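What follows is one chain in structure tokens, specifically the form predicted alone.
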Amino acid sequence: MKHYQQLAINNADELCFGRAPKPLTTRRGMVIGGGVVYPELNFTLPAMVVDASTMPLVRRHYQEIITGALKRAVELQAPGVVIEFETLPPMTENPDWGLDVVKILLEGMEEAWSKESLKSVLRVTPNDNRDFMRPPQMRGGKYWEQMLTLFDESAAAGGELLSIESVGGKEIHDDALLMCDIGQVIFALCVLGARDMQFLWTHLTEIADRHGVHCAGDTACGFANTAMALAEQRMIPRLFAAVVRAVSAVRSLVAYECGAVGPGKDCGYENPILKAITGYPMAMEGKTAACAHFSPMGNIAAATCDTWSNESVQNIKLLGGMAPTCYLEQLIYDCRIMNRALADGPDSSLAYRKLLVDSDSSLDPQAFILAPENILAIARAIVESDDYYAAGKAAAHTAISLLRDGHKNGQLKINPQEIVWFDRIKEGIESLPDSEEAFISQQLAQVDRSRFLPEEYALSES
């Protein structure tokens, strides 16, 4: 495993959309992070049951999606397209069903390449079903085996980018969010989550290496995006959600330590921090992801992206056409303006990046920490730490300090009702033990042990 001890990007002006120090070149010649922002289309089925009897209809939906979307990409002269297939749970539980869809998408992409010279690459993202058992079984059992089978067969078929929204530690994290317990958040993300990521991504790297494909990256969607959704519903403070986002980068970084090379998965809003640390390209989503969820980061999320995604949209009919095709058009136009700015040179791209950042950063703490200077501060705190636990504390402490200073300096608006959370979060961080060993003992004595199995995270039950 790698251990990042310094940043790949030290200068905020170098943290910009479309350029990464370590770009990724695909089989068809797309250079992600090499000076072009590519649209990344993500899609799903309309509301329906997925079982053996409906699989013929499922296949027709995906055939329609890929044909219509790539036809529009050709018409709009897209320089290339990333296609992401996020499986639904039954498609991971029945790997043959997921593989059927992978093959349908690859066939459609091959046809667009052979007939129209449209470059494309497929990201395959199996659903992590391991928490379908309670307490979750993370390191074995049928859900683990089914997931690995789908990864392996998808890579063999030609799925070039492997990603997942993994769930290790989520069984503790959900309650930690509702209680706004920063200690349990760090335990879930930086102890349980980090250990699960090491185990999972070691296996995924072996699969990728065997088939000559790429581990692209994980996302803390089930953690930090859950916090964001709860904050949108005013169930937890936005300040707390922002700190959770910073801490989540510690967990997601482990994929790159194990061999991932990007582009990091779209719903990981922690990805700019990872780009600063690793230098690898990152997918992002923002305003065009409103079909899947709301966020306060619709523009600033694009400021550092290398692919620009819509998150996930159902295959339903809109006035303009089928929704995935409509959303790809929107993504292509967003990418056009970023690519025009890149082509015009650094002054133009930085000017456009500034507009993206300034339009959001002062209005919400979750957006504020994604300003380039703040990204670098959090990233630096992580790489200067000795272990994942220390990195989680450092990320949290840096984030709350940045947010407090931003509010004090008039750069950030905060709901007056949330002001008390500056001190509450800071005191919560400072009350935690110095050593990881003492912290783990403390948390094992406090958390609900009926919700998780310590041995699934290589922890002692004592």
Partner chain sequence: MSFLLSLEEAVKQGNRNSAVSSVEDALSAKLPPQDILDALVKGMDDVGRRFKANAIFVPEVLIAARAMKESMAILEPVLVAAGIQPEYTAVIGTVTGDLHDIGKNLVGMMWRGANFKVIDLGTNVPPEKFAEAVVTHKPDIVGLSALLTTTMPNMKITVEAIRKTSDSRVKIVLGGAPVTQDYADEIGADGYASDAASAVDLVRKLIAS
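Residue numbers count along the first chain shown, from 1. Because the structure is a prediction, the values reported are computed rather than measured.
Another form exists, predicted together with the partner chain; not displayed. Remarks below refer to it.
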Does the partner chain come within 4.5 Å of a heavy atom in each of L204, V254 and K408 in the predicted complex? no
Candidate stretches 85-93, 376-384, 145-153, 245-253, one within 4.5 Å of the partner chain in the predicted complex by heavy atom: 85-93
Do P46 and the partner chain share at least one heavy atom pair within 4.5 Å in the predicted complex? yes
4.5 Å heavy atom contact, E436 and the partner chain in the predicted complex: no
4.5 Å heavy atom contact, F132 to the partner chain in the predicted complex: yes
4.5 Å heavy atom contact, L57 to the partner chain in the predicted complex: yes
The unique member of A390, I104, L118, M322 whose heavy atoms fall within 4.5 Å of the partner chain in the predicted complex: M322
Among L230, M109, V191, I172, which has at least one heavy atom within 4.5 Å of the partner chain in the predicted complex? L230
What residues, if any, in 226-259 have a non-hydrogen atom within 4.5 angstroms of the partner chain in the predicted complex? T226, L230, R234, M235, I236, P237
